[in-house]
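First comes one chain, alone, set out as structure tokens in the form predicted on its own.
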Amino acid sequence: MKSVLVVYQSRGGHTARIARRIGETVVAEGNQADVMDVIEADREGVDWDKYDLVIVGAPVLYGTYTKHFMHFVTKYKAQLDAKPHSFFNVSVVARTPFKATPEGNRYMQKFLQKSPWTPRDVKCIAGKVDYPNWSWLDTKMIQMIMKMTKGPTDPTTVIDYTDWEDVKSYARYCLTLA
């Protein structure tokens, strides 16, 4: 039995939902999983020796990752590097096949170039358009981006592009890293 830490940063809750599904899949496969937000993990502390594998996830927001997330991977780079690990990002641009690959996802490439932590394994997961639950500014900004990328712009649109079976497959794949 493997012990897995799934640590994530989420803004609107979708990345948290993906992290929980990964944790649920790890447990369904007969292992143990703890799922924690990066702020909780940083403030409460992590017993890194307890884990055989670490899965880290974050959303892409306007082409960037949050300060909390970047602080976490900077502060815990050595602990992450010491364990088998994988990093996943969540973005709506990953709704297209090429941009769902690490090579085709410019936000993953940007992370790999600028982050002090270089994950050995990476995954891009398509996110969710949820205009009704976004602020006015977020809605306008995302609509502008969607117009440029031929995505949905109707302010009543809610589309979950996440392939949930692929998320479960990713969790099972991650178990092979430990």
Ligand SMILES: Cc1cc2nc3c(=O)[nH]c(=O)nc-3n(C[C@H](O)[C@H](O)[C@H](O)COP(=O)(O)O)c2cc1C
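From 1 onward, residues are counted along the sequence shown. These figures come from a predicted structure and were not determined experimentally.
The same protein has a further form, the form predicted in complex with this ligand, not shown here; the description that follows concerns it.
Peer 1: Go through M70, L112, I145, V46 and name the one with a heavy atom inside 4.5 Å of this ligand in the predicted bound form.
Peer 2: Contact with this ligand in the predicted bound form is made by I145 alone.
Peer 1: Can you tell me which of 115-123, 37-45, 61-69, 24-32 lies within 4.5 Å of this ligand in the predicted bound form, counting heavy atoms only?
Peer 2: Only one stretch passes the 4.5 Å heavy-atom test: 61-69.
Peer 1: Does this ligand get within 4.5 angstroms of any non-hydrogen atom of R20 in the predicted bound form?
Peer 2: Result no; R20 lies far from this ligand in the predicted bound form.
Peer 1: Please check if M108 has a heavy atom lying within 4.5 Å of any heavy atom of this ligand in the predicted bound form.
Peer 2: Residue-level check for M108: no, no contact with this ligand.
Peer 1: My question is simply whether S86 lines the interface with this ligand in the predicted bound form - judged by any non-hydrogen atom within 4.5 Å.
Peer 2: S86: no contact with this ligand in the predicted bound form.
Peer 1: Classify P155 as contacting or not contacting this ligand in the predicted bound form by the rule of any non-hydrogen atom within 4.5 angstroms, answering yes or no.
Peer 2: P155: no contact with this ligand in the predicted bound form.
Peer 1: Check each residue of 86-106 against this ligand in the predicted bound form and list those with a heavy atom within 4.5 Å, in sequence order.
Peer 2: V90, S91, V92, V93, in sequence order.
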